[in-house]
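Before any questions on how it binds or moves, here is one chain, the form predicted alone, in structure tokens.
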């Protein structure tokens, strides 16, 4: 998995590259995120816990945790695995899908290799068909995601799917997924979401105590690791004690939206911040989108409460996806960006098409400069992206 690892985080007031922070530093823990998760998963499996691979934020982690399973994100962020994937997948497919499938072909992702089950979902067509190929040799359960977010009948179907996942886990793993266990996992996930929201809220300051890239690194492939939760709390305390950084005060404040930048695929954010920007808010699935809302732990039916939270994620596969526009309005008001960058991976049709609505909102209603970037995992267009980003910043500065 070394090919998946991004570069070490760079302290907010320093340029260039930096060595990972020391072991007792909370930022140092997340610089070693993959090794930490691998050790945890191996030890958990040795004790009899099941490893469940997940590939989307729509997969309800609370249900997996309540079954005493370890949910691990398997989304690929490496360009190195893509050539092997293209032996079966088309070249003009989303790089995240190809990278993920490339790990499957190479058998080079230790989390996937130790997984007792992979839980997939019918979000986009490319992933859905890739799962068919993966299922030829791996245990895989597919959640059917209805895509009319405001349709009561669609939600009832989704609730049926979530209940079906619970039944599959109980049958396959011999686990009793009780309401008590669900409420416990809800509280743990809510605690993690709350801590991550508090960390993200640090970016509201002008200047903030860290860069957007540092914040992006404060996440884990496995949810609710005790060491991660403790590190989040230490990071919050450390950031509150950090002095203001003059360099960050001169940068253009950026709201990024669009596709997720999974571990190892942070190149565009690096370009955005290496050329004078500061990502103060990241709307995507690797940012604020999955953590803005919590699950009601005291609801009469905890499984229904879990289903409601996940069904309302404002992903571009939903139609109409008005919740995404509402979230962008909230983030623009709270984080005061000077411009918006909308990222779409090559062949991600839902985000690509939805960019027209996002552009209309940003330019027409929010009155901010807008840039859409369509790219893949290859660095071949980095220079071109850098030029476009710098031009965007000139426009934003001219509007001050």
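The shown structure was predicted, so the numbers you read here are calculated from the model rather than taken from an experiment. Numbering follows the first chain given and starts at 1.
Form predicted in complex with a further copy of the same chain: not shown, discussed below.
Note on contacts: among 200, 93, 262, 279, the single residue with a heavy atom within 4.5 Å of a further copy of the same chain in the predicted bound form is 93. Put simply, of 239, 142, 245, 181 only one has a heavy atom within 4.5 Å of a further copy of the same chain in the predicted bound form, and it is 142.
Remark: of stretches 249-257, 310-318, 284-292, 211-219, the one touching a further copy of the same chain in the predicted bound form is 310-318 (heavy atom within 4.5 Å). When contacts are defined as a non-hydrogen atom within 4.5 Å, none of 46, 185 and 191 contacts a further copy of the same chain in the predicted bound form. Contact check for residue 347: a heavy atom falls within 4.5 Å of a further copy of the same chain in the predicted bound form. When contacts are judged by a 4.5 Å heavy atom cut-off, residue 147 counts as touching a further copy of the same chain in the predicted bound form.
Within 4.5 Å of some heavy atom of a further copy of the same chain in the predicted bound form lies at least one heavy atom of residue 354.
a further copy of the same chain is not drawn, but in the predicted bound form it has a heavy atom within 4.5 Å of residue 130. Residues 122, 123, 124, 125, 126, 128, 129 are the ones in 114-129 with at least one heavy atom within 4.5 Å of a further copy of the same chain in the predicted bound form, listed in sequence order.
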